[in-house]
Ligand SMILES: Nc1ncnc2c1ncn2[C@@H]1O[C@H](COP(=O)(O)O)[C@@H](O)[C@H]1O
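This document opens with one chain alone, in structure tokens, the form predicted alone.
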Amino acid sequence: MNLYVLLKMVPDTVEELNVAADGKSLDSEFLRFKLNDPDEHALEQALLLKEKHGGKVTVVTLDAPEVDDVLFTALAKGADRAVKLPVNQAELGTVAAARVLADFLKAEATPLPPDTLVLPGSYAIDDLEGELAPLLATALELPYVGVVCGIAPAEGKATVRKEFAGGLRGEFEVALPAVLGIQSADKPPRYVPVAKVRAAMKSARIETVDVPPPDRPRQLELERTYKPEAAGHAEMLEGSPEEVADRLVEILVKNSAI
């Protein structure tokens, strides 16, 4: 199989996020970046498919802080090729990023081989609607299925499991090549020892592939970023059930618009 995994670096939300002085961006002084969680599952799913069906795994990413470490980690896990596109991720919106990635894939092969799967994560913290994958599929004129949690390829097609709200799942048959937004892999992402990553840094290499920058890097102008502002404090209701009920009724009546 010909497997392309699209990786994205996102701010680590375990750390406290602060707004920069310009009021439009995050303060990068103490900002840490990590691999987007669904993208890590996309890599694991690609490696599982390679181990079962054979093929080649290529990981692709835009330029971003700490991205080289992530690419070398992917190579240490079993990816065959790591590609970095020297376009600053921070300067692109989702639409522009999809265009850049589509241009790279079109340059790889047009049309893409019939055993090709393009595997981005189903969403990112700055793309909660999961728009990148369907935009990419539209640019490549390929079928798309999102929120995928399992893939079973066959001759010229694949059966994919898709998650729905309420714990429901559905199975879809899709013709290849295709773009599949990965929610979770068949197994948890594998651990790779630090020593193996360091060995990959010495023996492997990251390809840099130039792509033309999009004509319109961003289609939305960000005017202001700010932390949620506290509007008030909670009131704890104490007493007997009857007293709590009476007080609750008073609060509802007082704040009612009727």
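Residue numbers here begin at 1 and follow the sequence given. Keep in mind that what you see is a predicted model, and the values were worked out from it rather than measured.
If you look for the form predicted together with the named molecule, you will not find it shown, but the lines that follow are about it.
A residue is said to contact a partner when one of its heavy atoms sits within 4.5 Å of a partner heavy atom; Asp186 fails this definition for the named molecule in the model of the complex, lying far away. In the model of the complex, the named molecule lies within 4.5 Å of some heavy atom of Thr61.
Although the partner is absent here, Ala97 is a contact residue: one of its heavy atoms lies within 4.5 angstroms of the named molecule in the model of the complex.
Taking non-hydrogen atoms only, Asn36 approaches the named molecule to within 4.5 angstroms in the model of the complex. If you check the named molecule in the model of the complex, you find no heavy atom from any of Pro143, Ala152 and Pro177 within 4.5 Å. Though the named molecule is absent from this view, in the model of the complex it lies within 4.5 Å of a heavy atom of just one residue from Leu132, Ala158, Ala82, Leu105, which is Leu132. With the partner omitted here, the stretch from 70 to 78, 169 to 177, 107 to 115, 122 to 130 that lies within 4.5 Å of the named molecule by heavy atoms in the model of the complex is 122 to 130. Here's the thing about Gly181 and Leu128: their CA atoms end up at least 3 Å farther apart in the model of the complex than they are in this form. Look at Gln89 and Glu129: in the model of the complex their Cα atoms come 3 Å or more closer than in this form.
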